[in-house]
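Let us start with two forms of the same protein chain, each given on its own as structure tokens and named structure 1 and structure 2.
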Structure 1
Amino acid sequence: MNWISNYVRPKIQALVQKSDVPENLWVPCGNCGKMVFHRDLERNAQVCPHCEHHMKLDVISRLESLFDDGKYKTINMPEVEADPLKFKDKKKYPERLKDARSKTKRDDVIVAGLGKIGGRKAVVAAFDFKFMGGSMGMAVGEAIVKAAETAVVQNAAFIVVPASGGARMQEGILSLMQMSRTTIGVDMVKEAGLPYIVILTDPTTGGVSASFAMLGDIQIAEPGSLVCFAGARVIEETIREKLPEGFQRAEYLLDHGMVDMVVHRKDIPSTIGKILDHLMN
């Protein structure tokens, strides 16, 4: 293993990204509207100190926040066919990919790492929503399969943190096939007798929610996150039904029996630690 590329690089990337933010930046909270100093947000894992609204957490901070001492080894992801359909809408798909890659400095949506949580081995695969809305194409499918295989080989728990608008339309039928391919991945973990835990974050929808993201042994959701199959707009347009309050939010899912618990971001690592203590004894 190359220690420099596997371990240090993500940290450096995170530092570079953080220093891109101007010193005096204040961010308005999407929920209460109050201005929050960005350093306070960083310290608070992007949770508003006034109203506890959970803003989006970047994928590297996510991995660091989950693993003991923020330490993990990045799992290298397999390369995939870039544009299997030669897809073009208003823009060519390779151009969209190029834009997303230069914006995020990442090859695709998922970053996965191997480390310890509460002293127990775990693989975490987390989504970068900024990369084409966290959409699932070949790369996401292969990343879930690879991360799951790593968990099996390492005898580690498997934890996925989705944040995704659903399938990546530009990969057409192959994006749909990732629903079955990712399911195979998580079933390999289950068959190995290892825990599979999902941390649902805002938003988790479409083909992602309708496959591996709903198949966890334990389903945790962050407060307020939108988790659904069909989006509110689609439902309203299709059937003109009025949507209930809090519809498709984490707390609504808890009430309707779809998740085990809604957990504040700061308590998620210790919660997972406790779960693994029970399930991996």
Structure 2
Amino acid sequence: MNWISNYVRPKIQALVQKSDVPENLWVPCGNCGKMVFHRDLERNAQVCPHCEHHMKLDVISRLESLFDDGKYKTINMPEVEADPLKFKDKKKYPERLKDARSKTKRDDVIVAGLGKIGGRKAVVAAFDFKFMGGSMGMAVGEAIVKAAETAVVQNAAFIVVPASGGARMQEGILSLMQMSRTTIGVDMVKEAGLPYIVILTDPTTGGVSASFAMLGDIQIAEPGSLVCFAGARVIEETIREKLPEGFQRAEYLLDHGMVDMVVHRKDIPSTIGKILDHLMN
């Protein structure tokens, strides 16, 4: 009886019962390929401890890391028409929106907050790349304008953290119109004499990079970030030439005057705090 109780039964239970151990305890680095324990990644702000590769950071973690003590007040965003073009590819656009909202637990790409960075008031609008690849539709245009208006009313700096594949094709020309609309929002902040800072993350591409993402008074990029309009393969096929090593990456853009500084993720809050001290003194 002891043999059955102590040996056979545990073996059978191990076969039929699901393990309580999570399957995602180890995360592979997309750059060096080494496995990183998930708690080490969390402690290191999703930066690989082996090669310093900056992985994608959750939008809420991004906001909490930027604001003093992680405290901020969420800014409610205006509603927009859900499916203006009645677009359908393999799925209807409303179905894609429903899937993205279910996955991310938010209405659209932008999450914005009002708080303090280095003791200075700031509005931060950050992209959630998990929501349809951070694509820019009418909701993003409205969100950028609303965040800019809030910055002006609060006499606060305006900081945008893009992470986007570009325009949202399901909204067609209406998506492309957000390039000019977001630029108007940025102009409102600059006309009020307030700082506008952009933190370029991986990736920042397409219509986002061709509009508000490249208009900052100060352009900060995370190491290794891809920042471009068209992809390298498209450019090479167009000009029929091999592009330089590291083309369109943050370090290349810094060397060629497209960004002002490349800053490690953990140093970005203190860097912005110093910048705001200078610009808002």
Partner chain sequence: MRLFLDFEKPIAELESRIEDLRRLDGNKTDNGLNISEEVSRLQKKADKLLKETYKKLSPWQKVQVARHPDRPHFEDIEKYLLEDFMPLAGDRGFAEDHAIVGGLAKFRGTSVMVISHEKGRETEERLKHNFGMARPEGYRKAQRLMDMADRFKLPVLSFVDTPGAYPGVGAEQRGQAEAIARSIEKCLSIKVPFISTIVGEGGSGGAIALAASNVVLMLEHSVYSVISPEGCASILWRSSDYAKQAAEALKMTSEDLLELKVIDEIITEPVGGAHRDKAKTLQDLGNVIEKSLKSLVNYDGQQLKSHRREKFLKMGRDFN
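Source: prediction; values computed, not measured. Sequence positions of structure 1, starting at 1, serve as the residue numbers. Take the two forms, superpose them, and find the largest set of C-alpha atoms that agree within 1.5 Å; that set is the rigid core.
Note on provenance: structure 2 matches the form predicted alone.
Residue displacement note: Asp69 has its CA displaced by under 2 Å between structures 1 and 2 (rigid core superposed).
After superposition on the rigid core, the Cα atom of Glu237 is displaced by 2 Å or more between structures 1 and 2.
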